[in-house]
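Only one chain is included here, represented as structure tokens and corresponding to the form predicted on its own.
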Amino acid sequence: MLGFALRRILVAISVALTVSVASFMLLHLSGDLATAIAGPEATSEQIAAIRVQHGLDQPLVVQFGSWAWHALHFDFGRSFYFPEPVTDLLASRMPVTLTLGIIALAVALLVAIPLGVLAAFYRDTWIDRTALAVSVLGQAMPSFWFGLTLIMIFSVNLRWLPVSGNASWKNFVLPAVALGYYAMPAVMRLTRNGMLEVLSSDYVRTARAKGLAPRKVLIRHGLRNAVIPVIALAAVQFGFMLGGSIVIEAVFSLQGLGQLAWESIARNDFPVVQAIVLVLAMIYIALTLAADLLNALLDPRLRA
């Protein structure tokens, strides 16, 4: 187990280094940052002064080394637009995005896993076909359109839930459902396929032959083994939710990292954009690593 963990940690570190280099280079290859910061009406002298002020006159290797060193100490510089350090901005917006992601993941798992189990248990019946139809619809429907539909039904017409903001738990219900429905199809299909494989295995047939109740066979012998790959997928989907929350947060006006990223891109606030990309990527890598280690702990065959 220790060797497997060390190998996975080395892979995670390599991916983290690659992501940090890629996020740094993509912003610098998008154009002249000094010109973008100064604005279209700035003179050449003003652009040159901004380039010196932000260290943009240094070679890219030197710029990356300085940025990476400060990032390791959680110092992402100061925002070009907001009058505060980037770290403070991220700290104030992160709880909203994490809350939205956790609730959305819980919604996806609470709906997708039972639906996948029922679809596998009642294979080739109307229950199975309905579950697959719900899965296909969730995968094909754009999340922003589904969010707007929820607003029209539950906020405008029924007036049960607020349209925007993050003042109370009610503000997270609709965006969590919209974001969770986006992740539900993959979890449901994986649960269904895993249950189908487990239910056709020899030890399940033996348990049925011994006269165990169908519920015990389904949960104790079936779901317990079929849910192992769902753990890794849930971690990956949670990372996708954090990165893809920009659309949902914009639709519901949630003041999280997604909304901050949208505002920073529109205002050419490059330090904030760079920090958000790096932080979300590190969270995704950490979640994937944790899922791999947990899967290896639950299933010794994966350690090989």
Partner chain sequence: MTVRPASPPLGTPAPAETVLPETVLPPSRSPAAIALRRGLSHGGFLIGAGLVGLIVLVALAAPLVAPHDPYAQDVSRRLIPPIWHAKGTAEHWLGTDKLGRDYLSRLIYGSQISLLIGVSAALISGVIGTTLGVLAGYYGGRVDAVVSYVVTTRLALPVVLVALAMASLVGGSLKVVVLVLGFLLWDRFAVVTRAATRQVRAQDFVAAAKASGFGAGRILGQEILPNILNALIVVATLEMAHAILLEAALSFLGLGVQPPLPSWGLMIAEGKPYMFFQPWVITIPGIALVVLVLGINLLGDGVRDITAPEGRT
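Every value quoted in this text rests on a predicted model; they were computed, and no experiment measured them. Numbering follows the first chain given and starts at 1.
Just so it is clear, the following notes concern the form predicted together with its partner chain, a form of the same protein that is not shown.
Chemist: Whether Tyr284 contacts its partner chain in the predicted bound form should be assessed with a 4.5 Å heavy atom distance threshold; does it?
Modeler: Tyr284: contacts its partner chain in the predicted bound form.
Chemist: Does Ile151 reach its partner chain in the predicted bound form, with heavy atoms at most 4.5 Å apart?
Modeler: Within the cut-off, so yes.
Chemist: Considering only heavy atoms, tell me if Leu190 and its partner chain come within 4.5 Å of each other in the predicted bound form.
Modeler: Although its partner chain is absent here, Leu190 would touch it in the predicted bound form, with heavy atoms inside 4.5 Å.
Chemist: Give a yes or no for Trp126: in the predicted bound form, does one of its heavy atoms lie within 4.5 Å of a heavy atom belonging to its partner chain?
Modeler: No, Trp126 stays farther than 4.5 Å from its partner chain in the predicted bound form.
Chemist: Of the residues Val247, Val52, Ala68, Leu60, which one places a heavy atom within 4.5 Å of its partner chain in the predicted bound form?
Modeler: Of Val247, Val52, Ala68, Leu60, the residue with a heavy atom within 4.5 Å of its partner chain in the predicted bound form is Val247.
Chemist: Suppose contact means any heavy atom within 4.5 Å; which members of 141-172 contact its partner chain in the predicted bound form?
Modeler: Met141, Pro142, Ser143, Phe144, Trp145, Leu148, Ile151, Met152, Val156, in sequence order.
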